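One chain follows as structure tokens, the form predicted on its own.
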Amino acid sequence: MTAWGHHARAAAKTDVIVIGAGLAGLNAALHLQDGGAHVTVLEASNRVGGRIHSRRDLEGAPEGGARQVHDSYTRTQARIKQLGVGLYKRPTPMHGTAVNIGGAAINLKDWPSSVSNKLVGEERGFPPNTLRFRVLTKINPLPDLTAWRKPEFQKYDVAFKPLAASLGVSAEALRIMEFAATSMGLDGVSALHLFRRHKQSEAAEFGSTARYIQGGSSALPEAMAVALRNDVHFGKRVRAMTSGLAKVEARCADGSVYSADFALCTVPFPALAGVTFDPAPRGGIGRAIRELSAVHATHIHLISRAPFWESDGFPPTMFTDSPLEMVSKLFDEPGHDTPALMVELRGRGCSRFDAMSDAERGQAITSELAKLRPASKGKVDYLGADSWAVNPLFKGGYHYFKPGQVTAFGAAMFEPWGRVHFSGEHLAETGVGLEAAMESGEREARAILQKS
């Protein structure tokens, strides 16, 4: 191969095509740029950030996607510092969290002795909003972050629910854990996947201080895009890719064609179904592209016109076993207090609300909230929603494996397809959240640079 920086380039010829301007793509592009590569970033939408989206078009500018930056997010924090993006800690004091189980609102301090608490044994002391983490801490057999790849742990690549029951987790604990679980339920997710993800979260977030990005989470990918020498090409939805012996070619829906020595694709695998590959990927990477799933992640944005929580005696943030799952009061940067609320859906309720029109969704959400919190009736307005599952560019939030899939292609999906490498949160070895995207982008950028 001719050394980068020393060959003539056609109009659409570049060293590396990066597909997707989320954190993984932008971080990879910056590392490739630092390594001397000429990089072209193609983005199907009209903005950068991917599943980071500060909704500045809505009152209070709520976050439509990822938002926390933990102490262990070393790559993310380093990039933030390099680009001069501001961070702040969560303001104190916070309002706290309540629960509503079986239609009964309960303050967390009263939960262990509540008649609504049908958990068993030591589970009774586990707050419902942290129940999943506490249960996984108790039963997770993985000793470290790499153990999921070892043959002796492949026996856990089975449906989580029956396995957890066999390990002593109560039926009520499993029922509560279904809320804010995967949209497939705990019967449809691999226990090995949940064990691995728990180890990742434990290493990355346990005991960590959560920080937030000044100006909204979108401020980070926007600053990263500014740091690129070449502008991001928007409206470039890749529809076909060819990986040959000497080059990669990407064809976009608008008819444009880009050619490069390598490509880095950060599109989530569930959304790659609409891309034609020539030759078709085989083996584990082919199966991963065809079969990997993502949770139905929906954020419902609300605004409270009056602090109804001051009259009903419960914090505004509440974990529930209702269709609303988790209702959170958001906050602004230090010195500001926002009346914004967010309904965070990860479970089966996503499909119900996603199928509604915007007007129907607003009515249904505020009505459900009034059932849980009668004091909120007439005081809360619906602003809008972000559903990653119905967005064709993502087709879901973070990834998950169905039973049997971790051992079938969990390791193989990290492999490149010819001259095309893949990255994104679904391809992080250790990180979660924002750090997962940053980690995978950096890793694949370095792999490409080593081949140049």
Ligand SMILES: Cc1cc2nc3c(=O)[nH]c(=O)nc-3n(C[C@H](O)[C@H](O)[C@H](O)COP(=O)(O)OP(=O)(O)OC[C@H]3O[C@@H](n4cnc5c(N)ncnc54)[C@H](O)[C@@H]3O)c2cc1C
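We number the residues from 1 along the sequence you see. Model, not experiment: these values are computed from the prediction.
There is another form of this protein, the form predicted in complex with the named molecule, and it is not shown here; the text below is about that form.
The candidate spot formed by Pro128, Ile176 and Gly349 lies out of contact with the named molecule in the predicted complex, as no residue has a heavy atom within 4.5 Å of it. Taking non-hydrogen atoms only, Ala306 never approaches the named molecule to within 4.5 angstroms in the predicted complex. Under a 4.5 angstroms non-hydrogen atom cutoff, the named molecule in the predicted complex lacks Arg287 among its neighbouring residues.
The named molecule in the predicted complex comes within 4.5 Å of no heavy atom belonging to Trp417. Contact annotation for Ala21: at least one heavy atom lies within 4.5 Å of the named molecule in the predicted complex.
Heavy atoms within 4.5 Å of the named molecule in the predicted complex are found in one stretch of 41-49, 54-62, 28-36, 400-408, which is 41-49. Contact with the named molecule in the predicted complex, judged by any heavy atom within 4.5 Å, is made by just one of Val267, Ala98, Leu369, Met224: Val267. Note on the partner interface in the predicted complex: the residue among Lys236, His198, Arg361, Lys161 having a heavy atom within 4.5 angstroms of the named molecule is Lys236. Although the named molecule is not shown here, in the predicted complex the stretch 294-329 places heavy atoms of Ala297, His299 within 4.5 Å of it, in sequence order.
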